[in-house]
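The chain that follows stands alone, in the form predicted alone, written as structure tokens.
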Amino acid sequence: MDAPLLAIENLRTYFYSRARRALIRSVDGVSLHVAPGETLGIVGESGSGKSVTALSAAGLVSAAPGVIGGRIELRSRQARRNLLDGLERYVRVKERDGRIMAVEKDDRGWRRRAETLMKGVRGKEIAMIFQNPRSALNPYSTIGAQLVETIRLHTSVKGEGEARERAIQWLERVRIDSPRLRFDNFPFGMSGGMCQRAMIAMALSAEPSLLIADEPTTGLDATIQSRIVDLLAQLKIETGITTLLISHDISVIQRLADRIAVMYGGTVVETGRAAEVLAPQAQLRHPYTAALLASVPSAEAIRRKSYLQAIEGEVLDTIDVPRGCRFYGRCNRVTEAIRENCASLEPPLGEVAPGHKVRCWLYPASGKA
């Protein structure tokens, strides 16, 4: 496989809960990579750490303490750097029994260093499509003006007239009706679907190496969701752009992703080729992945008006992370042979088949990280 365009290693992004006076381990040791031209889909329940992982990669986490450790390496034609290089000297952690219990961070020094590292990367090398496009767009500026600004700032096109024509071309490419008319519209005068198309045009017009799409269909009705997914599929074919796709909608991941990473409780519990991990007949699968897939209503269940299948138990509280497997309290596949390990030892992410890794004591290979 080609060297990854984006490689994230042991990323930790924590926040502080004033109410509970404790650390929220939103992203807790995440490692994943995205190859050039590949779409990696990250899936999981709300609170699993998907969006925080993406925001950390884009350098957009602002709440303290934020990113406290790890490595985010970007290898594009224009840039090859560790986006967290040297930042460890601004952080001090206190550990107990191998777990981080307190964090002291020089926020001012961190931000100054981080902005230096992200110069020429955020917006240019890494572009992002946000969950709520209407709030991400500037309400006081027309769609066209925002597109022109992006093109002139991040591409070789600097002239006003040429940038305007390039902007209109991108509006046409994302299939906005009457693009020359929409060019002069403000975001509040456009539907949610149109705003999302404009956001996609803005992200791609910068000609980025990596596109991060964070829940690109959230908040849209079913028909518009389907059209946006169709658009993203077509643009993937046309541009071949490397994409990190975050979604809780497995149907979107199935349609667009080449590989998949399943997250639970702030960490990756399974990763592999999407066609293999999500295949109905798959035998090697993390219990959490199996539970996610079982909760998706089938056409037969809808026809019979059957009850939806829910995942047992409560979503993990990432303030109080257990010592053992993070899914242990909700897992219905625990056997007596592995119960002690599940309760007391967190399994490593081990390879169970070529390119397929699972974090579960059910599989002997999981003990070989």
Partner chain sequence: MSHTILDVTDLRKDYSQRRGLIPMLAGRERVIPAVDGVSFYLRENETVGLVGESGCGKTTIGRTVLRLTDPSSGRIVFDGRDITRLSRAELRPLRREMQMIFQDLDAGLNPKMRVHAILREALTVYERPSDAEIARRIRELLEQVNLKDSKLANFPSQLSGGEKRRVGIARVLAVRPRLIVADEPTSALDVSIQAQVVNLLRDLQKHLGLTYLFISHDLPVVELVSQKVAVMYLGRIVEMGLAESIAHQPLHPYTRILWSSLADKRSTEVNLYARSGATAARGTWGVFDFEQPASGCRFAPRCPLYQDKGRPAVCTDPASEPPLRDVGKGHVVACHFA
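Positions refer to the first chain, counted from 1. We call the rigid core whatever largest set of C-alpha positions still superposes within 1.5 Å between the two forms. Source: prediction; values computed, not measured.
Unshown form predicted in complex with its partner chain; subsequent notes refer to it.
Enquirer: Only one of Gln169, Ser141, Ser295, Ser178 has a non-hydrogen atom within 4.5 angstroms of its partner chain in the predicted complex; which is it?
Expert: Only one listed residue qualifies here, and that residue is Ser295.
Enquirer: Let me know the one among Asn82, Gln131, Gln146, Gln225 whose heavy atoms come within 4.5 Å of its partner chain in the predicted complex, would you?
Expert: Of the candidates Asn82, Gln131, Gln146, Gln225, Gln225 is the one lying within 4.5 Å of its partner chain in the predicted complex.
Enquirer: Does its partner chain come within 4.5 Å of any heavy atom of Gly98 in the predicted complex?
Expert: Result no; Gly98 lies far from its partner chain in the predicted complex.
Enquirer: Could you tell me if His286 has a non-hydrogen atom within 4.5 Å of its partner chain in the predicted complex?
Expert: Because no heavy atom of His286 falls inside 4.5 Å of its partner chain in the predicted complex, the answer is no.
Enquirer: Going by a heavy atom distance of 4.5 Å, is Gly37 a contact of its partner chain in the predicted complex?
Expert: Gly37: no contact with its partner chain in the predicted complex.
Enquirer: Check Asp230 for me: does it contact its partner chain in the predicted complex (non-hydrogen atoms, 4.5 angstroms)?
Expert: Taking the distances in the predicted complex, the answer for Asp230 is yes, it comes within 4.5 Å of its partner chain.
Enquirer: Would you point out which of 201-209, 148-156, 112-120, 242-250 contains residues with a non-hydrogen atom within 4.5 Å of its partner chain in the predicted complex?
Expert: Going by heavy atoms within 4.5 Å, the stretch is 242-250.
Enquirer: May I ask you to list the residues of 267-291 that have any heavy atom within 4.5 angstroms of its partner chain in the predicted complex, in sequence order?
Expert: The one in contact is Pro280.
Enquirer: Ala299: CA shift of at least 2 Å between this form and the one not shown after core fit?
Expert: After core superposition, the C-alpha of Ala299 moves 2 Å or more between this form and the one not shown.
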